[in-house]
Each structure stands twice: as C-alpha cells, then as structure tokens.
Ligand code: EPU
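Coming up is one lone chain in structure tokens, specifically the form predicted on its own.
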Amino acid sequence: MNIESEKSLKLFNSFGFDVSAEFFVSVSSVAELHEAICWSKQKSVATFILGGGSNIVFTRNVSGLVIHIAIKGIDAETDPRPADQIPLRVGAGEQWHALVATTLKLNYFGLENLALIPGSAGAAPIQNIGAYGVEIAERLNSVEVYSKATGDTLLLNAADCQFGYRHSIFKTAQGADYVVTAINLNLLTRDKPNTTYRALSDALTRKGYLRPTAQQVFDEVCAIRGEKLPDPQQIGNAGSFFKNPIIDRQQLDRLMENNPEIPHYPDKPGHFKVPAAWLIDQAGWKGHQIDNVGVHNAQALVLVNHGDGNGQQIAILANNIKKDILQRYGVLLEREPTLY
C-alpha cells in the first residue's frame, strides 16, 4: 500500500478542480481497503472515499486520507437460473460506461439506457443512477460493502438499499459507514430493450427503428447525451447538477397558471416530475458565466468549469440559481453532486 502526501486531485474529479489530499491511497482490493482504514485509525485521521470523482464538488483541500476505490473485475455465472437472466458481479472501481459497453458485447442486456453516465460502478447504487426510463435499482440484485466501523464485509440486497429517486441508504447517516466494493447485477439474455421513455422512443422512430435492438438503444442514448452533455475531458463538469423536482398536483396547477407549457410527467401518486433544466433555461441561466464557471450553453442542467474555476465559484453559482428558481416558480431545487 502506497500512501502519498499532498496529492493533487485534479485528475480525480470531473470538474478538474486543483485541490489536494493531505494523504492519498488507491486500493484495488478489499484487503487493501481494510489496510487503509486501519492506517487512518492508527493515525487518527479522517477518511474520504473517492470513486470516479464525477459526483463531487471540491471547494477546498481534503484533510485526512482520501481512499480511491480501484477494485476491478467483471464476472458472470456460467450456469444462471432462470435461463433468461445472467447474474454479473462488478468491482466498484470499474468505469460505468465501459461496463455498459462490455455487457452488450457479451450479449447481456438491461443497462443500455444507462450508457454514457460518468463515474464508477460503485457509485451507481449510491446515486441510484437513472436515465431514459431505467434506474440501476431495477437491475441490481445486491451490493457488497465494507464497514469502516467494524471491518466486516456485508451483503445488502436491493430492499436493504432503500432506493428512491437519486437516493439510497448510502446517502443516510446509517449508510455513511459503508464503502461499496462490488455490485451484483441481474441482467437479461434476451434483447428486448426498454423504449418507454418518450424522447428516446421518438428519436428511435425518426431513425426508422420500429423494433430497436439494445445496441441501437445504446447508440441513440450516446448520441442524445453527446449532443446535450459536455465531455468532462473537454470542459469540467459533473453532469446533471440538479435533480428534477417532484411536486404535488396543487403546486403544478399553480405553476401552470402562468406557465401552461411547462413539461411535467407523472411520478408517485398525486405527484409530478418537472424538468429542472426547463426551469433553469426559462429563467435565463443557460450560457450564463460568473468568473471562470458557468451554465453550459447547450444544457441548462450542467454547470461547467471553464478552465480556472474552483468549487467555491460553482457553489455560489448553484446557490444563485437555486434562489432564483425558488423566487420565480416556488420550486426548490436539490443538487445531485456532493459539496466538500
């Protein structure tokens, strides 16, 4: 185990903010993770678990030990039951989009709608990632975790994970003790993709795909996301910065009095999901720049680092947007990434 001091995290966060870790180690196994946690306890320093760095806004240097999860491995059972399903165990350090592409090459289906989502496999259940009508909760069988408090390894089934919209047990005080080390997926051996999401279905129909394959869905999702979302390698960002707010019928009716064209989609009974991007766009924030950060000019849901920005600037910009949307529409936006 190689613990480094004053390690730059610029290459370990998708915003590209140049902050440093007091101590840093990259672990490739549960044994190395355990060793790193023991070291932190011996030195009485805090730990910070870091995956792909695509859901974090660093506003300052990180004190204590940053543990970068680099546990790899993609393993399928050779004799799955039932016959139309395939259990797949994936190390938390696997890159998510590469995993989705790999499953298609192996003719394992069910993740194609989740293509091009940044980050690592271990972060997928934490955020309960979702796109184009599919959430990871639907494909997840269980999550393997390490307890920082006890040093035990545990297996949490899908119900244990308390999944909700961009929510899981890992975002609660109870789940803060857990480090995800692997995820166990339940994929399909039949090529029958989910095309119920309207924007995806319309895009496939325009291309003449009346019975699209999973590969065609994957390609179309990549095309749509590529048009809307900037590549973090080209301009620093953390993807969608705000969750789509969920409001009740009464609040929707009030909004529609002055905004009859507002998009809305049924969610849980009596509630509707409203696109945060539409609210931010209509309020005039798209393309807005403050100092070295701003709102992407093609997607109002994405905040970007224009090169020399920092986390404090992003936090101020996000807070200004949040206050403006609340004042204009009476809707409270919640951010997706974590602020440190």
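Throughout, we count residues from 1 along the sequence that is shown. On a predicted model such as this, the values are computed, not experimentally measured, just so you know.
There is another form of the same protein, the form predicted together with the named molecule; it is not shown, and what comes next is about it.
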**Prompt:** At 4.5 angstroms, heavy atoms only, are N292, G311 and Q313 all close to the named molecule in the predicted bound form?
**Reply:** no
**Request:** Counting non-hydrogen atoms within 4.5 angstroms of the named molecule in the predicted bound form, say which of W278, W285, F272, W39 makes the cut.
**Result:** W278
**Fill in**
Exactly one of R89, K148, H97, K243 comes within 4.5 Å of the named molecule in the predicted bound form through a heavy atom, and that residue is K243
**Message:** Just to confirm the contact call: exactly one of 137-145, 257-265, 104-112, 203-211 touches the named molecule in the predicted bound form at a 4.5 Å heavy atom cutoff, so which is it?
**Reply:** 257-265
**Prompt:** Is there any non-hydrogen atom of I67 lying within 4.5 Å of the named molecule in the predicted bound form?
**Reply:** no
**Request:** Would you please decide whether P232 lies within 4.5 angstroms of the named molecule in the predicted bound form, comparing each non-hydrogen atom pair?
**Result:** no
**Prompt:** According to a 4.5 angstroms non-hydrogen atom cut-off, is L187 in contact with the named molecule in the predicted bound form?
**Reply:** no
**Request:** May I ask you to check whether N305 falls inside a 4.5 Å heavy atom distance of the named molecule in the predicted bound form?
**Result:** no
**Item:** Partner contacts for 119-135, taking the named molecule in the predicted bound form and a 4.5 Å heavy atom cut-off
**Value:** G130, A131, Y132
